[in-house]
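Quick setup: one chain, the form predicted alone, written in structure tokens, and binding and motion questions come after.
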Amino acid sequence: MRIYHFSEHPYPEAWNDPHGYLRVDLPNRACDPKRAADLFHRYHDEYLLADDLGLDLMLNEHHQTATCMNSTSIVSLSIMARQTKKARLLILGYPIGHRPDPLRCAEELSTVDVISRGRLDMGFIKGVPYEFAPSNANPVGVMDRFWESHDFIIKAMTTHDGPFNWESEHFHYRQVNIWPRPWQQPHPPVWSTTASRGNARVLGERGYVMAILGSGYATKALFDAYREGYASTHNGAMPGPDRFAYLALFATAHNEAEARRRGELVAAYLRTGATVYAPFKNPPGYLSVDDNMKLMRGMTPDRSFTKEGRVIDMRSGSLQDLIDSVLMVCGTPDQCYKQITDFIEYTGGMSNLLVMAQGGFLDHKDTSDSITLLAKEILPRLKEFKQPGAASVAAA
């Protein structure tokens, strides 16, 4: 079992800016560079603490928003590659769907893998809809461009006998010969995310690690679609729990009242996530016809589900709603352990847990304490937990 500590590097002082929107068009006058520097140092200190405690680390990337200052995740990833000692470094995500230069992506990621001495996990994503305008990218055909970019990056990382040329619909290169080549062979592990059964099956066919971000108990259907795809290309074999990951917000403390107080602070991340200026929410071409029909029926990405099928709005649901739908793991270490293991059993097996242990307005002291309890009182028990269909994941 692996647990990845995650923070979006928020700048929460700007969340109540009277401008009203936190993504794309929030004026950067709301950002004090000195305060931003303090926050970056603080978040990196928490990553170093997590590394010392035996946790793995996850970063992501968003643009033009106060919810995530980490707009150039490769910078933070590079710092962590040198400063950390043991942790796997997961970049989830690295938005190749709107990156114009996959050659640069292959070079960046290979260099990080070498500096970290082989601790990189590559989490490729297409990118969220409201970042296509700021990146000057066309949302039409994004998945075709995503897979072309993916194929090129893998080809660049695995070609070691001199330059090659590349011609595809979106990318054209001459004399590709990246230096350095990655440490891990044939290339660092590939991860991706999805909320679609169709995409889950594709990821299963390729055997990549699939991470589900806050879908609650609807996650089982996505895991099952992955298993179908995996079996179709692996002679009927079923994937191990190491192929599955799930992201939840997280807060723990020695007593339940304190844990829930921390949970409310972390939940501020969800309360602010919907404040996107409407013209950027769903650019034409980004979603398929089927997905747009689901939106028109009210099946929005803001919804999650409890085990009983109760629909939870992650933006307005209570703390208990978030816990019931596994959008958040929250409580004492014993309560958190039970919430996690119940969810693993329901989904059929999963050995990668991604936790937003810093989010919203949670301060450094509370974050550090929560991370420490996670590493010392929850992770050891999860390492001994017997996964469904597996003898044990103690060595995972």
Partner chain sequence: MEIGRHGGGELVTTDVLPASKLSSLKINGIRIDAVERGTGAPLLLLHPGIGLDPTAPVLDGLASRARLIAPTHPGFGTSDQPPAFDSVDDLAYFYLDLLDELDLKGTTLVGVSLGGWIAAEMAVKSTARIARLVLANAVGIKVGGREARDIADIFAMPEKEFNERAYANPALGVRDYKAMADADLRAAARNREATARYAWSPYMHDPKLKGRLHRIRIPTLFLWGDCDRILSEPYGRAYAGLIPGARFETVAKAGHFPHLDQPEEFSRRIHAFMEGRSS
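Computed from a predicted model, the values in this text were never measured in an experiment. Numbering follows the first chain given and starts at 1.
Below, we refer to the form predicted in complex with its partner chain, which is not included among the displayed structures.
K.L.:
May I ask whether 238, 379 and 388 all come within 4.5 angstroms of its partner chain in the model of the complex, judged by heavy atoms?
P.N.:
The answer is no; none of 238, 379 and 388 reaches its partner chain.
K.L.:
So which of 310 to 318, 280 to 288, 188 to 196, 211 to 219 is the stretch with heavy atoms within 4.5 Å of its partner chain in the model of the complex?
P.N.:
Only one stretch qualifies here: 280 to 288.
K.L.:
Go through 293, 75, 231, 143 and name the one with a heavy atom inside 4.5 Å of its partner chain in the model of the complex.
P.N.:
Contact with its partner chain in the model of the complex is made by 293 alone.
K.L.:
Identify, from the list 137, 154, 202, 114, the residue with a heavy atom within 4.5 Å of its partner chain in the model of the complex.
P.N.:
Comparing distances to its partner chain in the model of the complex, the residue within 4.5 Å is 137.
K.L.:
Can you tell me whether residue 94 touches its partner chain? I mean in the model of the complex, with a 4.5 angstroms heavy atom cut-off.
P.N.:
No - in the model of the complex, heavy atoms of residue 94 and its partner chain never come within 4.5 Å of each other.
K.L.:
According to a 4.5 angstroms non-hydrogen atom cut-off, is residue 132 in contact with its partner chain in the model of the complex?
P.N.:
Because a heavy atom of residue 132 falls inside 4.5 Å of its partner chain in the model of the complex, the answer is yes.
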